[in-house]
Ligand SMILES: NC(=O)C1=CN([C@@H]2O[C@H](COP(=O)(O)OP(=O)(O)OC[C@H]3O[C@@H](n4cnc5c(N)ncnc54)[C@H](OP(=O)(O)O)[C@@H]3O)[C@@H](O)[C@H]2O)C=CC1
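A single chain, nothing else alongside it, follows as structure tokens in the form predicted alone.
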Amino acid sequence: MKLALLGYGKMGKTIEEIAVNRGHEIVLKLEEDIDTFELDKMEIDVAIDFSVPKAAFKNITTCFKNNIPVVCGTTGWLDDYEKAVDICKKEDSAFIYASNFSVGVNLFFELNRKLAKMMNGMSDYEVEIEEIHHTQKQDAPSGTAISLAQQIITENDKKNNWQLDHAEEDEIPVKAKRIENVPGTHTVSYISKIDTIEIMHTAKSREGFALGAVISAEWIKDKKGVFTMKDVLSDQIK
């Protein structure tokens, strides 16, 4: 499979290593404006975007217009997500966005949903989320933390939004910390006067995220439509 890497930072280099080890060819490594390349003249099966928030929407939609499916793990651009989905459908292309491509994190998402259902109605407990990432991460809170909050809101009758740091009674507080060389740690806590219930996911390296992105690229090749990691992992996550 011929892959384009849209964004060639630390994550892009890790994706390249895993993709090559799985027998794929990297035909484009994008470190500049996507308009500098004539994508219609290149043979690309799937593009993987781990760029920066300000470049993601243009990268993604340019690929759609050139009949290239996209796997995107860039966060911080989601105000334009629905527009990207509309363009994907208009161009009859294929798209997977995930705030986190790690298989372990997607299992953690399912655990979070189930715990949120169990805790709904437990009025003695207040929920909060904490995320810790490396100092190079530009957006806060992380896309993964936002996904966790949105899942809880769906299951919780009393919470209808989230806020960074300080939250109102009907909001989930999300704390974001930046510490050097931390790939990513997410903790969901339910706190009462007598005890605390916590679930946590700790990434040990970028490899889990990168492997999930490559697996997603393998899965989406030759497909049409808008998908999620739950589709990719449908045999593992019911």
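These figures come from a predicted structure and were not determined experimentally. Note that residue numbering begins at 1 and tracks the sequence as displayed.
We do not show the form predicted in complex with the named molecule, though everything after this point is about it.
Practice task
Label the site open or blocked after overlaying the named molecule from its pose in the predicted bound form onto the shown form by the C-alphas around the site (blocked when 3+ ligand atoms sit within 2.4 Å of backbone or C-beta).
Solution key: Placed partner leaves the pocket open.
Problem - Within 4.5 Å of the named molecule in the predicted bound form, all of G7, A55 and F101 (non-hydrogen atom) - result: Checked in the predicted bound form: all three residues contact the named molecule.
Exercise for the section: Report yes if any heavy atom of T74 sits within 4.5 Å of a heavy atom of the named molecule in the predicted bound form; otherwise report no. Expected result: Yes, contact at 4.5 Å.
Practice task
Give a yes or no for K137: in the predicted bound form, does one of its heavy atoms lie within 4.5 Å of a heavy atom belonging to the named molecule?
Solution key: Yes, K137 is a contact residue.
Problem - is_contact(F64, the named molecule) in the predicted bound form, heavy atom dist at most 4.5 Å - result: It does not: once the named molecule is placed as it appears in the predicted bound form, F64 has no heavy atom within 4.5 Å of it.
Practice task
Answer yes if any heavy atom of D40 is within 4.5 Å of a heavy atom of the named molecule in the predicted bound form; otherwise answer no.
Solution key: Residue-level check for D40: no, no contact with the named molecule.
Problem - Segment assignment from 161-169, 80-88, 93-101, 115-123: heavy atom within 4.5 Å of the named molecule in the predicted bound form - result: Partner-contacting stretch among the options: 93-101.
Handout entry: Residues from 39-62 in contact with the named molecule (non-hydrogen atom within 4.5 Å) in the predicted bound form
Key = F50, S51, V52, A55, N59 sit within 4.5 Å of the partner.
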